[in-house]
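Have a look below at one chain only, the form predicted on its own, in structure tokens format.
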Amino acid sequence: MTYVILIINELKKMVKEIRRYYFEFITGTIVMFGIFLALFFGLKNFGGNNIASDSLDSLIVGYILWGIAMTSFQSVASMIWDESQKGTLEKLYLSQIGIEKILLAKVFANILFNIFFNIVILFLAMLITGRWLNIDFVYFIWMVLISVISLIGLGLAGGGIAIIHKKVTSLLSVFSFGIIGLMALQVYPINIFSFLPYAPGAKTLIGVIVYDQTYPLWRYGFILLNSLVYLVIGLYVFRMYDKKARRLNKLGVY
């Protein structure tokens, strides 16, 4: 129950920060949506009548999945950097809940808000482009949740690095745009690329939404297992850097 309250409080905090810094939120939203429109109409005009409708639909879904993935991956390291900058990171360590649970609660709240936000963007995208997709949003949400677990693991690893080195924005930017490459890989039938993070889930979602495909149950088990492996690895790396930061007394250093 304490953990649920923590997530709810994090959501309330996010809403208050958006209200406080509404200009940044609005301009950021306009920029992201503007980039999507430029990509969509650029592809449509460049391809002309030869462009397949499935390609346009894939762009819509892929852009939304990329937006969710980028935020999910960056959230942990960005939170640690922000708390270090404010001088409140050490205070989180004093909580009886534990730093890992606090970070995971922050990430989960961030992902929930991010999914809701991107669903709104998806509706706006379909409205402006006139490409109405048949989406089961219950399926969409739980598939996104089990897929981004792998990116949370990578984010925890990045967060561990951020505890020591504080600013890791360049590294995060490289990996964030690398997610685009992950989503473009052919992961089925099972091959070496299938074991990369997020790619199996994103490819499955695009297949269901855009191409109306159905998949056997084992594929969803594989996606979940893939995500859990990366989560465990990320937790291990985070704890390793966490112990090093404590030993070097770097928690309060910015």
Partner chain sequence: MSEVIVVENLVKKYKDICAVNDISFTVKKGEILGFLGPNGAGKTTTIKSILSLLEYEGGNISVNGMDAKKYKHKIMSDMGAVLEGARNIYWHLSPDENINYFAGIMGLSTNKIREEKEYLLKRLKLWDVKDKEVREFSKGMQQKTAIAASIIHKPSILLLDEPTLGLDVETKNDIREWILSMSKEQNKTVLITSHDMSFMESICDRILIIKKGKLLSNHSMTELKDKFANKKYSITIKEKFSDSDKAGFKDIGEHEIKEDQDLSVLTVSLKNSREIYNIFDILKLQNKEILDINIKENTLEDIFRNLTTDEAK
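Please read all numbers here as calculations on a predicted model, not as lab measurements. Positions refer to the first chain, counted from 1.
Another form, the form predicted together with the partner chain, is not on view; read the next lines as being about it.
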**Message:** With a cut-off of 4.5 Å between heavy atoms, is L94 one of the residues that contacts the partner chain in the predicted bound form?
**Reply:** yes
**Asked** in the predicted bound form, does E90 have a heavy atom within 4.5 Å of the partner chain?
**Response** yes
**Prompt:** Would E24 count as touching the partner chain in the predicted bound form under a 4.5 Å heavy atom rule?
**Reply:** no
**Item:** Contact flag, G178 vs the partner chain in the predicted bound form, heavy atom cut 4.5 Å
**Value:** no
**Prompt:** Using a 4.5 Å heavy atom cut-off, are G34, R131 and Q213 all in contact with the partner chain in the predicted bound form?
**Reply:** no
**Message:** The chain here is shown without the partner chain. Which stretch in 180-188, 141-149, 101-109, 67-75 comes within 4.5 angstroms of it in the predicted bound form, by heavy atom distance?
**Reply:** 101-109
**Asked** If we check the partner chain in the predicted bound form, which of the residues in 5-22 reach within 4.5 angstroms of it by a non-hydrogen atom?
**Response** I5, L6, N9, E10, K12, K13, K16, E17, R20, Y21
